[in-house]
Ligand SMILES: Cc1cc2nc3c(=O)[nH]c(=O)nc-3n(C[C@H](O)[C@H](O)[C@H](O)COP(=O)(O)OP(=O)(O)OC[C@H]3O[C@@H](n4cnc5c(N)ncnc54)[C@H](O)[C@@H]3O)c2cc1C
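The chain below stands alone and is given as structure tokens, in the form predicted alone.
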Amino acid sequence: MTIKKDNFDADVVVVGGGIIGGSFACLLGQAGLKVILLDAGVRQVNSLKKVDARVFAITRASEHILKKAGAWRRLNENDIACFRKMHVWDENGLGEINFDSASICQPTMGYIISHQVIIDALQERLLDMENVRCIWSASAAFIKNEKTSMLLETEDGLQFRSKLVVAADGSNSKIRSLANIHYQKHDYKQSALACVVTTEYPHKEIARQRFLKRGPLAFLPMIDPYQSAIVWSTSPNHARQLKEIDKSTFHFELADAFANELGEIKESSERIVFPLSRAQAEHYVQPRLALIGDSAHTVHPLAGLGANLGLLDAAALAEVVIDSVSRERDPGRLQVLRRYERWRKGENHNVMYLMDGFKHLFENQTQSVQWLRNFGLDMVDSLPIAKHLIMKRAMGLNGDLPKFANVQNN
């Protein structure tokens, strides 16, 4: 299934070889399209020289996308941690909510996998594809819509023509900037600290999140029963202090903030800190250009949905592009690409502001609001039907899903 033109270097050029861009390129490559994947970074293979503090909570829908992309089977089972339950509670009150995948007859709610493990699997898959050409250390410098094609030139002077250019190059997207697409950004005035810790008590495959005054603190279960990846959202000053203090002090403060839920913190990896914001591109598409993942939007990490939304973007756009090519239509036409934009932009917008709502609700220290949210947590916890609906939506088991994400599509 390729475009019948000899003057194109590729059917699609993808800029950004991370999880989102790599998955998108795999989906297109498996459908027979000719793809060029450009990435500004240096290629790293099996590069886990130290504990990777960047982990993702992968939903069932995202699992299915990675399976369809051919990357899931390349993951080592010792690198995939399951979480079967989730416990959420508020620092200011007794309200709590518990989720259990068994209650909806599912083996797991999702998976915790490190960033580099997924990257390695995707790169192995990409390098096996004859119709996908990967070029690392290549930064875009110029793009030009030539009506029937898009010309892209790199800083090194390489030139590529294709029917479509897809930006998957992150929140600071060079392609989005070159296309003059406005990126409305809201600074949360928060930072997140991430690392991997070893605890006194086993996590029992339960993802835990405690809402604190400054922001949520999450413990995500790793494959080792005593190891958890933590993401602590807090004020920038506090995050900086947590990064700089000595290990023993950090361990004490972390255990105390988590109400000693897993006992003492025995060990921890290198701590990394990153700023938090939400953003949405004014347009996801232009003629011969589309944005996916963080190039198009970012959300607060409190529900761990960022990468999952990006993978849904990749799956939706892949479906639109593959469908158009199979019908011998031009995948770069604006009328074709707008189907993808309509599909994903509204959904991402809704999730973005839902996360905002949760953030502000749990940070509000007004006594009446504290009582109301604790009452709400207990109320939802007592309503199995409501909990099941929330779980299925969060796990990607229902909703307007791309075919590559549909768990029922085997």
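Since this is a predicted model, take the numbers as computed values, not measurements. Numbering starts at 1 and follows the sequence shown.
In what follows, reference is made to the form predicted together with this ligand, a form of this protein that is not presented.
Just one of 32, 384, 41, 346 comes within 4.5 Å of this ligand in the model of the complex, counting any heavy atom, and that one is 41.
Here is the short version: of 57, 27, 36, 61, the single residue with a heavy atom within 4.5 Å of this ligand in the model of the complex is 57. Heavy atoms of residue 215 never reach within 4.5 Å of this ligand in the model of the complex, leaving it off the interface. Mapping the unseen interface onto this chain, residue 120 falls outside it, with no heavy atom inside 4.5 Å of this ligand in the model of the complex. Taking non-hydrogen atoms only, residue 20 approaches this ligand to within 4.5 angstroms in the model of the complex.
Looking at residue 320, you'd find every heavy atom of it more than 4.5 angstroms from this ligand in the model of the complex. Heavy atoms within 4.5 Å of this ligand in the model of the complex map, among the stretches 198 to 206, 75 to 83, 335 to 343, 292 to 300, onto 292 to 300 alone.
Each of 139, 174 and 274 is positioned with at least one heavy atom within 4.5 Å of this ligand in the model of the complex.
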